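Coming up is one lone chain in structure tokens, specifically the form predicted on its own.
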Amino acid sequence: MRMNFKRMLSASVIAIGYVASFSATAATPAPATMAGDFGPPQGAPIHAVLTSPPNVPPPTNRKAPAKVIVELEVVEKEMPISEGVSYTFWTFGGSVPGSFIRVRQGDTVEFHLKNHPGNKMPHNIDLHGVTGPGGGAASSFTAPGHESQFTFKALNEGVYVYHCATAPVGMHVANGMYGLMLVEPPEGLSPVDHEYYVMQGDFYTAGKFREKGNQPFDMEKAIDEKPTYVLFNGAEGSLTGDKALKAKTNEKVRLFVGNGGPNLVSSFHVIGAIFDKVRFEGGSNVQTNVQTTLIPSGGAAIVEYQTKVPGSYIMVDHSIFRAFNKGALAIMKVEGPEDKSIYSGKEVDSVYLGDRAAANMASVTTATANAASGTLTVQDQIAAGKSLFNGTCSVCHQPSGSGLPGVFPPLAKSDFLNADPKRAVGIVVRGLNGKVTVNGSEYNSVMPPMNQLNDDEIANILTYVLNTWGNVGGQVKSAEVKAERQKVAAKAAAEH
């Protein structure tokens, strides 16, 4: 019996293995779409077209593998991270994220990494699409003013993150050293009307969110995983206003979405769109009819959808405070005829966009620059305050300042405001909870402290309100807001 049992068990294992093997073979695509070697390069070498975000290089449109030469330069440069805030980014190709690389499965890639002579740090590159030690990092350590070269074969199709892997790795990545490489399948991707490149990253600055001036990297915040900013394409507002992505109705859109990290997982969502297809984790499997897709740190996805009605489609990390309080927000503007059978057509950008609802933030930039040079005028503040108000305050108090009867008090011709304009500074900083009487009507609602606004922004918004809708006029200065904030901090410290 024991012998027969063993034979039966052995036969069962063989049968199961055969069925599993058969099933795997039946479900497996043709070898051309698998990881593999399609032979030596054919034809003359090709210099890869590299693009800065949000642009994507054109499809390779090749039927055979080629030798592709990629030349990528590391540049350390100071760039805006928010309005009036700069940061010294470390970049691949001068942008955050770095240049988009597009090759075909089976290509032999000759990679040249150059470290600009003006840089201060050595760098290398780890391409997740490379089969080899460190993804190329072991072969590409490059000092300033030098160039490294290595070669790899792109064996696996998909979209892959690349990043710097020089110690301390987290600091290099946190400073913006990441990007995407697409390895097309031999047959290419299906045709679409638009392809765009969007990549999320978390940034750690010594100053608070939107604190003006050049902000250095904060290692302690990074280790604690408490980012100051969570951004698409390296800057707040990088894909809003006149820099928003564009499409027309009834077009197919493909987004290559990456997450450089270094710490956070992204919950990528487009408000008002459902993804027809998602190649999740950058691989070959496809999920359909997806609302939100998870993208791990150091991972990517390809999402596709068709535009159907016009309007603003807001891209967010749906860990939602990151979108509205740390900057992880972008826009795709879709133009074309309405289709009332699908959507009625009413659109209020400011509900979702905050102060990014404005076509651009030029007035805020002007006010910031003039404040730094000591030439700030009341008119500068009014113009900047209007842009900020329309995104931050108008949802409750309405664009006309009329408020909502019984819910939010009016700011227009407000006897409460005009009786003591400076009192408004404390209300915005501290918040207001309880009953107030404005223009003869009682309101009992809650206004939270506007902690997401910095001193300049509060001063500009209040200056705009005081000089609009028949109010008394006047000016609120940033120093007054700062002093009020210090009182709040001192009181909190004393209570502890």
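The shown structure was predicted, so the numbers you read here are calculated from the model rather than taken from an experiment. Quick note: we count residues from 1 along the sequence shown, nothing fancier.
Beyond what is shown, the protein has a form predicted in complex with heme C; the following relates to that form.
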item	value
Listed residue (V49, I46, A64, M450) with a non-hydrogen atom within 4.5 angstroms of heme C in the model of the complex	M450
Position in contact with heme C when the complex is considered in the model of the complex, options M219, A369, C396, V378, heavy atoms within 4.5 Å	C396
V428: touches heme C in the model of the complex, heavy atom cutoff 4.5 angstroms	yes
Heme C contact in the model of the complex: I223, any heavy atom under 4.5 Å	no
Contact flag, Y343 vs heme C in the model of the complex, heavy atom cut 4.5 Å	no
S445 within 4.5 Å of heme C in the model of the complex, heavy atoms	yes
Options 52-60, 461-469, 37-45, 65-73; stretch whose heavy atom lies within 4.5 Å of heme C in the model of the complex	461-469
Contact check for T88, S99 and T166 against heme C in the model of the complex, heavy atom at 4.5 Å	no
In the model of the complex, residues of 387-412 near heme C [heavy atom within 4.5 Å]	T392, C393, C396, H397, V407, F408, P409, P410, L411
